[in-house]
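First, one chain by itself in structure tokens, the form predicted alone.
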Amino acid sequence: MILENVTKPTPLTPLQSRLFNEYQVNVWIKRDDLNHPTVQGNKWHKLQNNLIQAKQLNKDTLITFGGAYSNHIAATAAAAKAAGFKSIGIIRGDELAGLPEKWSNTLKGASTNGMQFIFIDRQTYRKKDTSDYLNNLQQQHPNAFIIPEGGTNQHAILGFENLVDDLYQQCPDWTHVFSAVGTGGTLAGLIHFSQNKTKNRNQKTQKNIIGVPVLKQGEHLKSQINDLLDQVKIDSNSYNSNTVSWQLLTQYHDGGYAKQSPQGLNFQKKFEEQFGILLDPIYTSKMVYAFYDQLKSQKIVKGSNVILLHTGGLQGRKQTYN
């Protein structure tokens, strides 16, 4: 275990509401925001195996990519500090270079944790996944381990096994898991290990994994998630796709990444007042809103057991509410 102070398993907290009683569903929130004090939620699962790989390769620096409000940037900086790595963040938006007073709370926190920034323009940023760009970056930083935007790669997906184990142990009869989606790694991990679990347990109850993209034009993520699943599918017989289905609900981005409408903010505040649980406005709040809307639209049948995955990211709240 490279990162210490990890809480396992994280609580599965029941949510009691007249609305849920009216529609006759059981609802829980998986408090994965409580799994680590600084590397919260899905980022802990994504980074753990990447840190192990970096150690095994004797690298001393982590390099990754993100925007000004990236939970992944914040988490990588914190994880690097905790595990003894240096860190470099390649940030989308060269207009922020040399202007720390305009940095988001996320960037300020990452800087406090020792991350150095390289700000690049958006056109260059779009090349971040090309072999030419990555090879050049590796040559410039030979002692660095490069992690993709959002932390999404094969190592990240394999980090979700413990989380899926938790879900099956804490609520074996769950019927729906809702999760916010950024780059698709978390959803791919949930799908992969749920399909394995249902085969091993001869599971007959239909499991529905529902992703809520938080950026506009999230339809492209479907092919990206399928590609990620192919990377970790060692044996096609290890899957039980008949009892695990997944889908993306792309209409709940609320204006796009790092944006929140007055309606979305009002919903978040009401939820927090009712349940006493803080939500991340960039990811988790949009996912919870999607669940409520699907419920009221009668897309979730009576008797369903629904789990809402809290993926952390609470460091972004201060900037949002300033």
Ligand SMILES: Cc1ncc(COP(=O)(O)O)c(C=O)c1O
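In this text the structure is predicted, and so the values were computed from the model without any measurement. Each residue number is its position in the shown sequence, starting from 1.
From this point on, the text means the form predicted in complex with this ligand, which you will not see here.
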*Can we say 26, 175 and 294 each have a non-hydrogen atom within 4.5 Å of this ligand in the model of the complex?*
no
*Is the gap between residue 186 and this ligand in the model of the complex 4.5 Å or less for some heavy atom pair?*
yes
*residue 87: heavy atom within 4.5 Å of this ligand in the model of the complex?*
no
*asked:* Residue-level question: is residue 115 within 4.5 Å of this ligand in the model of the complex, judged on heavy atoms?
replied: no
*Distance check, residue 65 to this ligand in the model of the complex, heavy atom within 4.5 Å*: no
*Taking the partner as it appears in the model of the complex, which of 138-146, 124-132, 178-186, 105-113 has residues with heavy atoms within 4.5 Å of this ligand?*
178-186
_Where, within 29-43, is there a heavy atom within 4.5 Å of this ligand in the model of the complex? Residue list please._
42, 43
